[in-house]
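Form predicted alone, single chain, as structure tokens, below.
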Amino acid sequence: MSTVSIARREFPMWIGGQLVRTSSTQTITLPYDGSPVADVYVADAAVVERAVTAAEAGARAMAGLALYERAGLLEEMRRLLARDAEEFATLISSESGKPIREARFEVERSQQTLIASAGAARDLHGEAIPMDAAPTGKGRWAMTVREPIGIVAAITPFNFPLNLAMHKIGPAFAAGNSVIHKPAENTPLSALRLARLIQEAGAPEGAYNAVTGPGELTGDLIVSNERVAMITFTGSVPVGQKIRSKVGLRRVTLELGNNSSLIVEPDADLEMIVPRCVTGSFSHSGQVCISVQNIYLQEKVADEFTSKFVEQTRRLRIGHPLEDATEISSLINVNEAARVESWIDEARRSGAKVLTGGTRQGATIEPTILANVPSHLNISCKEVFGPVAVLHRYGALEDAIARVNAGEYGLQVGVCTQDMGRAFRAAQSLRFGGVIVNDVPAYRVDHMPYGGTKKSGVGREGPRYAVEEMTELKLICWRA
């Protein structure tokens, strides 16, 4: 059992360098067993307006920082996060139900995101424009600069409550902006603790403001405020579409999920890819936007892959998230687990074969592998966001590519083959934001560009790329 635990306590909001409470509270519970963890407050319209006003002052202060000062702030945040890593990991595990070993890894990744953000701050630059490439430009000089856009609203999901927040806060600070952060309703604790860390790191007052409450109340109030220059959101397609309908001409980045597929060719290295599929399918009980959901197996390798995959999946240990040995814990709540269970049952009734798993206890779903699933069923064509992998067979690579491309999402996809010519032809044909060769689509390092096509969203994350989204490009041109 982990020696670190969290005693129930209150976590006020953080606005303009001050703790803020309201008359409305919410209890945060451990998803695994429903035990109370903490009490937080629900923001109303007055609180959101106060946060926007504070963020305006914070934006002016952040814009006034030199690039090395922004980088230094981010580097100090990283140092403090390393110091307090176990505290943050315990908070993440307690609020989300993520196994503590995965929560610790999320804290490590968050530090990498801050390192990349600091690098993006130091590297922020424009370029010289060759005006005399056109006759009317003779005798003129021009350059571009990137300027902060102002207030960035960061609306983050429950599955990576710290690192996905860093993917929005880090680039926003690097670009010289302030942030209003609305964490997921169920997982606000790491964000509220982060506020104290950012203050200790030396951020100007109002640079970071954390407000809590449900998306349909608090989130809508933030998105609707015209003084917010940009909304960066990670979450569901319906909410993303609603946000985009509200923002008008303001900037928006939307990361809206995926139905991740992996294509396994007959020459794939099964000793490497099978354990990667176990991790990629079942980490955090499959509650990852790029979790491996559909695995397309070439007929020659399908039986061997299936046997190894089922055997290794059955070894996964289910338990309390704060136990060091736990590999599978719970989904975010019982309702989500019941939904996943209903999708599994629907597949069963339609003739699918359950190779392992398929049972639910409270909010926990046993890691599940299905075969013979009709392609039109929810568990095959929608984002399951649970510990479920669906196996499909194919003959020709072109057929597998066509079936994967037919989906409505386009975030990341994987292709496993030792034939690099086939790999590159597949990569060119797959309509996704990222194609991962010889690994699972769940692979991500935090400085790479990350985002999708189709219903997976718009814009790109990864600090260097997010900074471009969070700045305005200005042209300065003069006659010599």
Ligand code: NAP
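In this text, residue numbers run from 1 along the sequence as written. Bear in mind that the values here come from a model prediction, so they are computed numbers and not experimental data.
The protein also exists as the form predicted in complex with the named molecule; that form is not presented, and the subsequent description refers to it.
Taking non-hydrogen atoms only, V239 approaches the named molecule to within 4.5 angstroms in the predicted complex. The closest heavy atom approach of G410 to the named molecule in the predicted complex falls outside 4.5 Å.
At a distance threshold of 4.5 angstroms between non-hydrogen atoms, Y32 is out of contact with the named molecule in the predicted complex.
In the predicted complex, P183 approaches the named molecule with a heavy atom inside 4.5 Å.
The candidate spot formed by G280, Q298 and V415 lies out of contact with the named molecule in the predicted complex, as no residue has a heavy atom within 4.5 Å of it. With the named molecule omitted here, the record of contacts in the predicted complex names 250-258 of 250-258, 113-121, 129-137, 395-403, defined by a heavy atom within 4.5 Å. Listed residues L164, I100, A175, L74 were compared with the named molecule in the predicted complex; L164 is the one with a heavy atom within 4.5 Å. Of the residues P387, G206, P148, G213, just one reaches the named molecule in the predicted complex with a heavy atom at 4.5 Å or closer; this is G213. Contact annotation for 144-176: residues with any non-hydrogen atom within 4.5 angstroms of the named molecule in the predicted complex are I155, T156, P157, F158, N159, L164, listed in sequence order.
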